[in-house]
Structure formats: structure tokens, C-alpha cells
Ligand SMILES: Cc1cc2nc3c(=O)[nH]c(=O)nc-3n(C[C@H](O)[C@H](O)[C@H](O)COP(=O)(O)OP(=O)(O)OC[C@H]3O[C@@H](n4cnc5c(N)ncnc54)[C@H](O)[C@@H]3O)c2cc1C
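The chain below stands alone and is given in C-alpha cells; this is the form predicted on its own.
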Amino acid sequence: MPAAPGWMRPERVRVLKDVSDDGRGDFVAYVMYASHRTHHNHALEYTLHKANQQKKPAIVIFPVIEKKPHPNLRRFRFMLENILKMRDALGKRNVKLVVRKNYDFLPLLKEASYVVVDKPYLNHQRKFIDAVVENSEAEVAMVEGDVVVPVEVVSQKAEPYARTIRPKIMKNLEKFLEDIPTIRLEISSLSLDIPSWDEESVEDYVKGLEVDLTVEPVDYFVGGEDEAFRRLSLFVGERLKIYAENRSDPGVEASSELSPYLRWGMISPVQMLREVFRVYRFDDVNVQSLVNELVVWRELARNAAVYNPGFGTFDGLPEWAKQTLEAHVGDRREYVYSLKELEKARTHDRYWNAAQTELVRTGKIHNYMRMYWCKKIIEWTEHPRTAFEYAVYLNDRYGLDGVDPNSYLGISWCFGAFDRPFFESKIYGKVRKMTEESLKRKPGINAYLRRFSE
């Protein structure tokens, strides 16, 4: 474990490639793959700390990987809306932002004296970091700054339930709520002659992409850490006081709506909690509910991504859940829908259609509706494996918070993971089912239907 600066817990840093520190290289490089922000970014500040130690400039490399899962205009526009803002913010701190397409940045790493990367969780992210390590000649350090408590600190195994991981997180929570300083780079990198894919507008960046253009951008979410902080301020100032009571009512504006920003690393969960604690006490019921969602369940998802090789697939479900679902494959389905029918929200169920419409129109689904949405896909497909694949496809294709451990945990939960067996029922077996009666009891459900009915 490399020496961490005094303001950061040493458990956040791990050496992935250890080489003799002979000071060769022209700059320190941070490959910004996951934490797309310039504030409260552990990896960025660690990079600038190392550069000042080595008396070298530092650059931030932003790789635009066109072959990411579900590379479409919606997802990439949201990501790219942040680039111009970050370029300006980093420039004010003497740091050059180098944007490169795909893996074109790898040769640059040969010139680095030290390389910093974000912590990967999903398989395709780990393969990306492996490529960085393989192509670096300098030491490579990984900084885990997109969780409150680092995964391996919490547990050394896959945790089956939120109730088993909760006490392990809570005993570590307070000491990992660091106040991250804003470090100024002592030797500027702005004059370094390093080619970058620089455009004057988001539209110009978008024109240079080879991605699926059929999934259109949404107006509901705008990319950028400034927009993330605006939503956080709104949440803390107006919504948090009703969060515990109303977060499960899709017709009440009680949620933070920060899941896309957390997914793209445009805001830090540590920063979120620090802002909350400026106003609220930890024992407030609303704060307790938020910590349960933002920390316990979110970090359970990352625990699963690290320790369960099949996470995010039907094969990664608990054996009891797979067995009970497959035992009921022969049960008669009253309705069976194709993927295209589901994608177009053409079912008999107005609640489900509203949830799918919300996903397509805004880029996210209210968390309670997402559970109903996913449970019904099980009921309307001929095999649970197909249902799982449909749910992942729809969520990842249209959701700005898709392709993320949180999304895969939510889908897996609907198929029995992180949950207990229930009384046996048709199609679901012992997996918990969900009916429209639970929705009808929500006071705001009619307002939700009016908003998202075609």
C-alpha cells in the first residue's frame, strides 16, 4: 500500500504495478475512467499530490470508449456534456485535460512517471484497467473514491443481504467521510505539447462519435458536476425532510434523482453525505433512510460486483432463486410479450407502460416503479433467463444510470437475490412477487400515471 496523504484514508489506495521509483517520465497521469468530476475526487487530488511530490506536471486523460456496453447517443451526450466544464475547471488549476478516443491514449502512458486510475467493479471496467497497467512503464496506483467505505475494507466475501453488510459498513462509515482538499498543481501542464480531441461544443464532440444514434438524448437530465450539485442542494434543502415517508411514492418528488450522476461519477457519495450532515443529524429518520440507499445498498452492489463472478446475469443469482424460477417455466403465462413490445411500452398494464415510458422519456425509472417494472417482465416472458436479459437490455439501453452495479443489484433483487424465499406462487415460485395492488395504495400513483401515460 503506497503512502497516502494525511487527508485520505490509506485503504483507498492500492498499487497495481510496482516499479522502481527512478523518477523517469515527463508527467503524472490520471486516467479518469469512472470519477468524472473535478471536486471531491480522491483520485484527482491524489494525482496532484504525487505530481507536486515528484515536482512534475500532471495531466488528466479522459478516454471516450465508443465500444462501451450500449454505446448510444443518450448515454454519450450526458457524459460529454461534462467535458467542456471539466476542461475549464482543470485549466484553472494548471491541469491539462487530454481527451482521446477509445484506447488511443495508451501510448501516452509510456511517458508518465506515475499513473493513477479509478477503482473498477464490473468486468469490462476491470479489462480496461488491465490494459492501462499492461501499457504503463511507471508505477500504477488505484484509488477507490466512488464509495464511502472501500469494498475490501467492508468484507472479504460476497455478502448475501443488506442486513449482513450493514453493520460492517456502519462501523467504518464515519472515518471514511474525509474532507478532500482542492490541491493546486505547482508545475502547470497546460503548455505541454500533447494532442487532445478538443472541440468547442458538445455537438461537435457528438458528431465525432460512432455510436447508436437511435436512442435520443433526454432533456430531463443534463450532464455535469455543477448540475449534480444543484440537484443535491435541492434535495437537501427541500426533499430530504420527506424522504423516509415518501421515497417509495412515485407521485411525490422526494428522491434526489442523482443516480445518473453517481453512476457517471459526477458526484461523490462522500460529498453528498458531508452536505447532508451540514444540515441534518445522523440519527434523523430521513438521513437513516438515505444512508441505507446511498451507502448500504449501493455498496452491497459493489461487493457483489467484486466477489460474485456472475453478477449482473441470471447465472449469478442464488441457487434457490434459479431453481424455483426454472421449476415454474411450464406455468401458463396469461400474457407473453416480445422485447420490441416491451421496448415500445405496448402491454395491457398501464402501470408498467408508464414506468417504461418514464425510462425512455427521462432516462430513469422511479425506484419503486422499477421494482414493479422488472417483476412483471418475469411474468410476461417464457423463461426467467430471457426475462433477466430483457430487463438488463432495456435498463442499460435507455437508463442513464444503467451499466452499473446498482442497476444490476436492483434487477437481481427482483429475481430473488439479496432477498429471502417467500410462499410459492405461480410463475415466480418462491421469489417475491409484486402486484398492482401495492401501487394502487400509493397516494401519488395517479399523478404518476398522468405524467407518463402515452
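Quick note: we count residues from 1 along the sequence shown, nothing fancier. The structure presented is a predicted model; accordingly, all values stated were derived computationally and were not measured.
In what follows, reference is made to the form predicted in complex with the named molecule, a form of this protein that is not presented.
- Taking a 4.5 Å heavy atom cutoff to the named molecule in the model of the complex, the contact residue among Met32, Cys414, Leu48, Ala387 is Cys414.
- Out of the listed residues Glu275, Glu139, Glu293, Glu199, Glu293 is the one that sits within 4.5 Å of the named molecule in the model of the complex by at least one heavy atom.
- From the list 361-369, 332-340, 209-217, 105-113, the contact stretch for the named molecule in the model of the complex under a 4.5 Å heavy atom rule is 361-369.
- Within 4.5 Å of any heavy atom of the named molecule in the model of the complex lies no heavy atom of Asp284.
- Glu257 belongs to the set of residues with a heavy atom inside 4.5 Å of the named molecule in the model of the complex.
- Among heavy atoms of Trp297, some come within 4.5 Å of the named molecule in the model of the complex.
- Of the heavy atoms in Trp352, none are within 4.5 Å of the named molecule in the model of the complex.
- With contact defined as any non-hydrogen atom lying within 4.5 angstroms of the named molecule in the model of the complex, the contacting residues in 385-424 are Asn395, Asp401, Gly402, Asp404, Asn406, Ser407, Leu409, Gly410, Ile411, Cys414, given in sequence order.
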